[in-house]
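The chain below stands alone, shown as C-alpha cells; this is the form predicted alone.
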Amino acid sequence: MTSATPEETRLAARLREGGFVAAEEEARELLSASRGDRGALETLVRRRLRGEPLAWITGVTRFCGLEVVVDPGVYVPRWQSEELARRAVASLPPDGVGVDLCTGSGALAAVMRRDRPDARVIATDLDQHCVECAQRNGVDARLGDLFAPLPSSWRAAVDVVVTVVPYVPSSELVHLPRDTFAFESTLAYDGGDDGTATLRRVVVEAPRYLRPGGTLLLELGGEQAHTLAEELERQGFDAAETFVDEDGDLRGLQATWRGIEA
C-alpha cells in the first residue's frame, strides 16, 4: 500500500476532526472525485463535513467488490448487507430466477447478475429515482410495490427472494447516524412500531412467487427473527437460520419455502 500524500494527510486530519473514522479512505475518494480541482474539492469536503453520505458526493460506492452508482437521494448500500448478497448468489442456480425487493441502487441485484450472468433477475422499488439508479447499474429494475411489478409467469418459479426493506422501529430512527437521519429519507428505514411491518408483508406475499425449496433472505435486526418466527411457520417456511456480522449483531434471516402441502 502506498503512503499517503501530504494533501491526503491534511484532508484526512480535517475529516477525522469532523468525526469520520475512515478519514484516510474518505480523503482518497474525495480527492479522486475532485479530479484535481481545488475549488471542487473544497465543495465536496464541506458537503461531507455537513454529514452528507460519501456515496452521494462521489457518485459511487463499492459493494461486494462491485462499483455501484449511487445517486443523491438513493439509499446507500452498506457493507453489512454483503453477506445477504453472497447468500443470494449461493441460493441462485446458474440459470435460475432471482428477485430483489426495495432495491434502492440495485446493489444486491447487480451482484447476482455479475455472479450468475445466465440467471434472470428483476428488482423492484416504489421510488422512480431508485429504479432509474438501479437501471444505470445494469439492473432490470421496475417501479412498484414489492412483488407487484413481477410478471405473472414468475409465480411459483422464483429461486430466491432477497430484500433490505425498512426495518428500523419508528422509535429508534433518532438513533441512526447523522448522515443517515439528516439526509436519507426515513422511508428507507421506518419499519413501524417494531420494525416488522414490511418484513411481514414480504413473508406473506413471497410464497406466491417462490418455487418449492426456494429461498427467502431478509435483512433484519434485534429480536425481529424471533418476532417473525410464527408468521414464517404459518406461511410454510422451514429451515430458518439467522446470521450475524463481524461484531456479532444479528443481520439477517434465511428461510426455505417448503411449498404447498398435499
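Everything numeric in this text was worked out from a predicted model, so none of it was measured. In this text, residue numbers run from 1 along the sequence as written.
Form predicted in complex with a small molecule: not shown, discussed below.
Check: Any chance Gly98 has a heavy atom within 4.5 Å of the small molecule in the predicted bound form?
Finding: So Gly98 does not count as contacting the small molecule.
Item checked: the small molecule contact at Ala119 in the predicted bound form, heavy atom, 4.5 Å -> Outside the cut-off, so no.
Next item on the list: Determine whether any heavy atom of Ser91 comes within 4.5 Å of a heavy atom of the small molecule in the predicted bound form, and answer yes or no.
Entry: No, no contact at 4.5 Å.
Notebook entry, point to check: For Leu126, is any heavy atom within 4.5 Å of the small molecule in the predicted bound form, or not?
Noted result: Leu126 belongs to the contact set for the small molecule.
Item checked: Contact stretch among 71 to 79, 133 to 141, 111 to 119, 151 to 159 - heavy atom within 4.5 Å of the small molecule in the predicted bound form -> Going through the listed ranges, the match is 71 to 79.
Check: Using a 4.5 Å cut on heavy atoms, which of Arg211, Arg47, Arg28, Arg201 is close to the small molecule in the predicted bound form?
Finding: Contact with the small molecule in the predicted bound form is made by Arg201 alone.
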